[in-house]
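Form predicted on its own, single chain, as structure tokens, below.
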């Protein structure tokens, strides 16, 4: 059993990975697979959306005689990532309060 990942959370995860190091699509997919099931065909539309929103930029670099497209976070992307992180912490706190029975005394019946 797993939980669904929405577009916003996936965007945040991709931005976080790219913030650490410029990287390419396959490597991003492999890193994401540590947490969620995702295919490269799912990832590339996300990368294009982030690029179109000016949150990521690309450049090509030769690798073994072929060009590999690398992704780099922009200043706008870094700002968006900080917002995502703040939203995530707030959201996580609310979910934890229910899922982890934090504050469950509020719901106890007398």
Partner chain sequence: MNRLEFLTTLKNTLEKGGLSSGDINDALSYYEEVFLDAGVSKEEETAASLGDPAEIAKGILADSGISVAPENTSYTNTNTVRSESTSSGATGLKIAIFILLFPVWFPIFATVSAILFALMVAAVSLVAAFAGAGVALLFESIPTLFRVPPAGVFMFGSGLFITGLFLGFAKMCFKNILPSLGRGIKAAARFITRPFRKGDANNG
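Because the structure is a prediction, the values reported are computed rather than measured. Residue numbers count along the first chain shown, from 1.
Unshown form predicted in complex with its partner chain; subsequent notes refer to it.
S.K.: Which residue, 32, 55, 47, 81, has a heavy atom that falls within 4.5 Å of its partner chain in the model of the complex?
M.R.: Exactly one residue meets the criterion: 47.
S.K.: Considering only heavy atoms, tell me if residue 68 and its partner chain come within 4.5 Å of each other in the model of the complex.
M.R.: Looking in the model of the complex, residue contacts with its partner chain include residue 68, since a heavy atom lies within 4.5 Å.
S.K.: Tell me, yes or no, whether residue 36 is in contact with its partner chain in the model of the complex, where a contact means a heavy atom of each within 4.5 Å.
M.R.: Residue 36: no, not in contact with its partner chain in the model of the complex.
S.K.: Test of understanding: in the model of the complex, would residue 62 fall inside 4.5 Å of its partner chain by heavy atoms?
M.R.: Looking in the model of the complex, residue contacts with its partner chain do not include residue 62, since no heavy atom lies within 4.5 Å.
S.K.: Might residue 88 be said to contact its partner chain in the model of the complex, defining contact as any heavy atom within 4.5 Å?
M.R.: Residue 88: no contact with its partner chain in the model of the complex.
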